[in-house]
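There is one chain below, alone, in structure tokens, taken in the form predicted alone.
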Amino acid sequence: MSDVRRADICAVAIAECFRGDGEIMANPIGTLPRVGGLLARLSFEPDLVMTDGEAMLVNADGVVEAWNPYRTMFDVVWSGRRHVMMGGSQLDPFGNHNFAGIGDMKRPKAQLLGMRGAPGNTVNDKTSYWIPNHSPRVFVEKVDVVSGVGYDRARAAGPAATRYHQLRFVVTNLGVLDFESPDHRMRLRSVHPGVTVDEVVEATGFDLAPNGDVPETRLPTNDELRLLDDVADPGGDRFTEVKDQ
């Protein structure tokens, strides 16, 4: 296992986000989320339904299994039968998310993706996040604008916002975080091998909820490495997103 690289560990950590989901739609957006989602289906979650990001449902080999028009997709989204993994430019302690813009929205310093589907995703479906560069610029005390709804805002909005709202995990190049503290404040779940808790704390712009002795993120098995190399990511795209540390 000496040839395991940081991107492999991140891919397995992302796959673990989907463990236990069963027969729902997995919608991992981006390079490593796609690789990790495929790994989950190939290994321990064979009932996951995967989307190609456009209008088809596909299996782990990319073979089309079903047509997925917009009306069908929104039926799934609004019924809570989906686990989406998005990226983010900012996240705050309660999981409020921003990839719309940086700075005052009346005159932003940077215009980003916009709200896109983040409000509906976070209110209606299980949501996890992938952050390839863990830093205080991403993990901030207060996001500049809310595109994805965090636990505090969902609670304040009432039952309509909390029925399906469930922020699960945040996987980064340094570790895995979750919201399983009493007040749903973000906490450190594990650190990747070679990373210390102090390094994660230093790279986070707010105080994390306490979590005792934080373990290391698990290493991939030999079978998982084979699946990554031969099926989920034979071109090695994951290594372009996460460099060895």
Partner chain sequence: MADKRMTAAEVVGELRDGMTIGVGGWGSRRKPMALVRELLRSPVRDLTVVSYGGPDVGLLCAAGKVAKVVFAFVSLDSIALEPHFRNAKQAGEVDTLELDEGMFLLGLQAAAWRVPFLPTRVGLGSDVVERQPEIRMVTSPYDDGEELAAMPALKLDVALIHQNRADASGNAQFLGPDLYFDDLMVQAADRAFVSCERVVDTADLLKEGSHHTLRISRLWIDGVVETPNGAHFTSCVPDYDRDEAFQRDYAKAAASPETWAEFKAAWLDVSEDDYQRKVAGLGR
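All values derive from a computational prediction rather than experimental measurement. Numbering follows the first chain given and starts at 1.
Below, we turn to the form predicted in complex with the partner chain, even though it does not appear here.
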**Asked** Is L174 close to the partner chain in the predicted complex, meaning a heavy atom pair under 4.5 Å apart or at it?
**Response** no
**Asked** If you check in the predicted complex, is P69 within 4.5 Å of the partner chain, heavy atoms only?
**Response** yes
**Message:** Residue-level contact is defined here as any heavy atom of the residue lying within 4.5 Å of the partner chain in the predicted complex; does A118 satisfy this criterion?
**Reply:** yes
**4.5 Å heavy atom contact, H83 and the partner chain in the predicted complex** = no
**Message:** When the partner chain is placed as it is in the predicted complex, are A13, T127 and F139 each within 4.5 Å of it, taking any non-hydrogen atom of the residue?
**Reply:** no
